[in-house]
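Form predicted on its own, single chain, as structure tokens, below.
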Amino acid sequence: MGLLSDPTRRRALISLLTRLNTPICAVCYMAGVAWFMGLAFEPFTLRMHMSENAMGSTMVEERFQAGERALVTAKEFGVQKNKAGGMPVDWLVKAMQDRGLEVFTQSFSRTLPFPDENKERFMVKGTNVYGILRAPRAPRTEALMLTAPCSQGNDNNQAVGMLLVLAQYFRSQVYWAKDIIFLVNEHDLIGMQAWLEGYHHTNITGMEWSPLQGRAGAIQAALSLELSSDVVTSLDIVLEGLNGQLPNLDLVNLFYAFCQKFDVLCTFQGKLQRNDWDSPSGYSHAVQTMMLMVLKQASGHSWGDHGLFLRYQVEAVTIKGINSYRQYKTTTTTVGRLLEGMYRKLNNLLERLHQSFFFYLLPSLSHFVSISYYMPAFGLLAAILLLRALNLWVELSAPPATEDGVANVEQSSSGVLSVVTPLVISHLTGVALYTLPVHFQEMAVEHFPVSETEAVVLTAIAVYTAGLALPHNTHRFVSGEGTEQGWRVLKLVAVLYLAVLLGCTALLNFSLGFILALTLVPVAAGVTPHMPKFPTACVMVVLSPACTLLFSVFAFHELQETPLSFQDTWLLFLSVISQGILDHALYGALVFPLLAMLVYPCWLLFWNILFWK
């Protein structure tokens, strides 16, 4: 404190920071990237451990034996689904009633803002079927949940068969202290969103659904099951939920513990677990796994039905059956025993899962990186913005030498006023990027030979591209030629704006905040009107939000070892844009409005600084 309170020492410190501003910023950037890459190294990670005492041991005796019956039930369900041309509601109702459940249905409908060409749907109507197994020895104030989406074709039939057989088996047990809800939802995430809104008496997406006639207690935890083959060689766990939310780490620990107990091969991000952490190949494998999680979390997309539970403070994961490693094979009975064990441990919970981490990264299922380990990487990048803001503030605090003191006041006033116009127009451009693509799709379809989805995506690209010209030197039309002080004031505002924006984003979704910081911080730190215009403009475009999204799509498939050509990457990039807009309209995902109305306008401010005259 003495260093800051002493005027002489404070001036010396500020002088040092301003004199070495550029080298310190460069060191901070390299240190931030190096810190992040080092997170996958074993000494930087913590070993998985169970924090919840009620789930601390897997010593329960699983007696599930009906694996073959689950496969037979799955075949019956597939026949009925093909006969009905969709969800066999009547057959499911009867099947659940025969197993002793209280059975209810919920109808729902949703008109999409534009057709979803990936799944070929526009008007969505469906029915959810769910059954409740009442707890025989409890006040029925708490519940667990098992869901299986009814997918198109023959996908996920085995999951529905397993759900029905588990319901019958659980019905014969007397130790349940919580209600158990068995749900088969239609139209994947849309059906799940309708059921959750109906169960919690909320309507945040404008979907039409019938009220639920049957309710259980407050849902403590949920598992979403996806099995699409009679042969299961490994189980993959999916964590990333809507807006980058993650379930409590104890739920992941529980899955991993039972996989070890039953000697089931488990994967994360589709990658097997490795033990050679100290080898270059082992470290590379851990980095790839962690980067896949970062990219999926940054997308804000719900990568399974479990992702919609997290906004209601219900801990949930999706478990997928994989059939790719032929040298291994897990029987359906073993999968059923694993699920039985997990539900018996969750049945012991006395309160919601809360003792373990909610913010973490996973280089593997046996190790994790806590928030206290990965946040310094972002802090080093954010420090660059604060150092640049300090440097600009010092430069602005020193008045230029002029003969007339009144001139200084007028120049200062002009510098402040010159900020307003680019600031307002940049954000109006962001609002146009957010609103115009959906509202102008009918006009685009009438005048151009494109579909509604193509019209939305192309309109978004057109508005984004037009934004590069709209705020260009807009200050000159209001206050004449820009001053040297004017661009410094604008950059100071833009740098502080970006620091607050990235900081808030990283607190809610670290992966998204870090990826944006990697590309936007160099732009914010380095751009000035005195730089060569063309090469600097090319670099800024490469580091813009749209190109960051394009590179992320390319990197995601490279890490998944499914490389794409440039044409395929571009088509997938367009699909990701349309999916992001749909996720916002259907489920309330926040990545699209964040990028359109905050991140892109902030980048436009730096674009305006580059062409300041």
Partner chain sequence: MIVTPPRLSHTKKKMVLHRCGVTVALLVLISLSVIVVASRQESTLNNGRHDFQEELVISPLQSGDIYASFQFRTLWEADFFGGNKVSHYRLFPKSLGQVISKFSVRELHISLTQGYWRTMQWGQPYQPSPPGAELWVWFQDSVTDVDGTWSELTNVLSGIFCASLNFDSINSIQPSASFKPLGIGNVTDHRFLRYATLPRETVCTENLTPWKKLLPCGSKAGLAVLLKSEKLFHSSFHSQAVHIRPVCQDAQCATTSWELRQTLNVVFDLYVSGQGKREWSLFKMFSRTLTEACPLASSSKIYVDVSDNSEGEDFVLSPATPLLRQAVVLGDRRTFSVYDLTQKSTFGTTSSLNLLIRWKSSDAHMLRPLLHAERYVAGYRLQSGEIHTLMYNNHPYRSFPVLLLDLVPWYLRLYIHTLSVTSKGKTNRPSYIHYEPSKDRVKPHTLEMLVQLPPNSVTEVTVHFDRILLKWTEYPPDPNHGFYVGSSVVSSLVPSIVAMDTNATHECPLFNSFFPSKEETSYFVRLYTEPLLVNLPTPDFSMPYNVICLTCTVVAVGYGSLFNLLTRNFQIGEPRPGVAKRIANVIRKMRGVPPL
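Quick caveat: nothing in here was measured; it's all calculated off a predicted structure. Positions refer to the first chain, counted from 1.
Below, we refer to the form predicted in complex with the partner chain, which is not included among the displayed structures.
Open item on the list: Taking a heavy atom within 4.5 Å as contact, would all three of 26, 514 and 545 count as contacting the partner chain in the model of the complex?
Closed with: Per the other structure, none of 26, 514 and 545 touch the partner chain.
Open item on the list: Check residue 135 for me: does it contact the partner chain in the model of the complex (non-hydrogen atoms, 4.5 angstroms)?
Closed with: Heavy-atom contact with the partner chain at 4.5 Å: present for residue 135.
Task: in the model of the complex, residue 278 touching the partner chain (heavy atom, 4.5 Å) - done: No.
- [ ] Indicate whether the partner chain has at least one heavy atom within 4.5 Å of a heavy atom of residue 323 in the model of the complex.
- [x] No, residue 323 sits far enough from the partner chain in the model of the complex that none of its heavy atoms falls within 4.5 Å.
TODO: Give a yes or no for residue 228: in the model of the complex, does one of its heavy atoms lie within 4.5 Å of a heavy atom belonging to the partner chain?
DONE: Looking in the model of the complex, residue contacts with the partner chain do not include residue 228, since no heavy atom lies within 4.5 Å.
Task: Contact assignment for the partner chain in the model of the complex, among 354, 447, 83, 530, heavy atom within 4.5 Å - done: Result of the distance check: 354.
Task: Option touching the partner chain, based on a heavy atom within 4.5 Å in the model of the complex, out of 208, 90, 442, 98 - done: Looking at the other structure, the residue within range turns out to be 98.
- [ ] Tell me the stretch among 519-527, 72-80, 208-216, 331-339 that has any heavy atom within 4.5 angstroms of the partner chain in the model of the complex.
- [x] Contact criterion met by 208-216 only.
Task: Partner contacts for 163-189, taking the partner chain in the model of the complex and a 4.5 Å heavy atom cut-off - done: The stretch 163-189, when checked against the partner chain in the model of the complex, contributes 171, 172, 173, 174 at the 4.5 Å heavy-atom cut-off.
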